[in-house]
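Take a look at this single chain in structure tokens; it is the form predicted on its own.
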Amino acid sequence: MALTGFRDFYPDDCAFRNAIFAKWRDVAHRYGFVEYDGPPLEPLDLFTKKSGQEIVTQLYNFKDKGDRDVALRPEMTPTLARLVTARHRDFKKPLKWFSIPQVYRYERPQKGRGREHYQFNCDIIGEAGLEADIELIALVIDTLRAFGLVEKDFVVRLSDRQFWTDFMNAKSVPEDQRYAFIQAIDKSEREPREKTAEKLGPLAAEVFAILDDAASAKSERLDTVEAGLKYRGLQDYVKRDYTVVRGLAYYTGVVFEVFDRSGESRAIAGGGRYDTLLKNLGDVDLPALGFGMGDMVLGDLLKEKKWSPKDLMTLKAYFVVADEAFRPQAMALAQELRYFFSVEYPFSPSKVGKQFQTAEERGCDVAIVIDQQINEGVVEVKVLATREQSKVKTGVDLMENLSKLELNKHHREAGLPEA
């Protein structure tokens, strides 16, 4: 049995997880992001420098055999900051990087949150303009759309951390009270209004007026971002919501969180601009923004929507060896096709009907029947979903036939007409 808060991944679970990873990578690559990674174990002070000593209670931390204070990474942003600080001069700006790390937090397990999870992180480093914010939010939306989710399924709640900074400046909120002020707004939806009002003090009425009518509170930054998303046809996915401030202190500008429309789960994703973090952590003054999307909340939502993972990389073929005398020819052809497609076959002789049954149980797309016709350079290709079958010459004809089937498979998954 796995430790509390940790997960085992049996083959079906692993296929589901890897299908999510494949979608994440596909969309990130389409947006021009490149993948990076770092070690799961980091110096403890990398995290306390960013989040303070209070984060230690949430970490898996210990002294290693060299008597160094280390911790399993609870998030990826500090590692990213360390990597960028070390070699930022080696890369042309802006950097568009993504990663899919496994991260660890010692917290009470609950729905949508364990003590480990995988997280899709996308960050843009070295771009101060709001076009980067628009691009990042569009990436979040398209990532979820890649799973078949539409505007009735999720919403991006958009806010502006700088708006609240300007508000606190205008109202002369003391520096030592500002973190508590932001935290009160961050928790306002989860606590009774009376408790939030007590925390906000004399500013409560003005704050509630803004929270209750976001349209009345002007933000040129949000106006620009919303207009940019409208140009892309993504306006129906976004809602302005000043209750979103992202509790972490390092956010400096536009911030956002993504929720399913039912409101029954934790945030699917969240992020925003953090222009001062790299300077604070590594003394490199570069503007930055990013988001994280965990696999647990997303996975629960996809299961509720009956989304099922498919083989996203290649067509799956099963060789039905109808005559064992021709197994050597079957294996030669299978090996050739494996340069391009996924191919399975029976390890030992069995009835043809049983082989077809196995092909369907393993989720194969086509069955390729091998019998005496192989000596004439011919095989029978049967599409398992439609039962359509045809005789095809081996070599170029077979490659073209399978490539077309694979293309049509991807078209169906993307909701496009078949070729």
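Note that residue numbering follows the sequence shown and begins at 1. Just so we're clear, the structure is a prediction, and the values are computed from it rather than from any experiment.
Form predicted in complex with a small molecule: not shown, discussed below.
Site residues Pro328, Gly377 and Lys391 are none of them in contact with the small molecule in the model of the complex, judged by any heavy atom within 4.5 Å. Distance criterion of 4.5 Å from any heavy atom to the small molecule in the model of the complex singles out Ala267 from the list Leu83, Ala267, Leu139, Ile100.
Site annotation in the model of the complex: the residue of Val297, Leu222, Ile185, Val321 reaching within 4.5 Å of the small molecule with a heavy atom is Val297. In the model of the complex, the small molecule sits within 4.5 Å of a heavy atom of Gly271. In the model of the complex, the small molecule lies farther than 4.5 Å from every heavy atom of Thr79. When the small molecule is considered in the model of the complex, Tyr251 lines it closely, a heavy atom lying within 4.5 Å. Looking at Phe291, you'd find a heavy atom of it within 4.5 angstroms of the small molecule in the model of the complex. Just one listed stretch, out of 174-182, 333-341, 271-279, 204-212, contacts the small molecule in the model of the complex at the 4.5 Å heavy atom level, and that stretch is 271-279.
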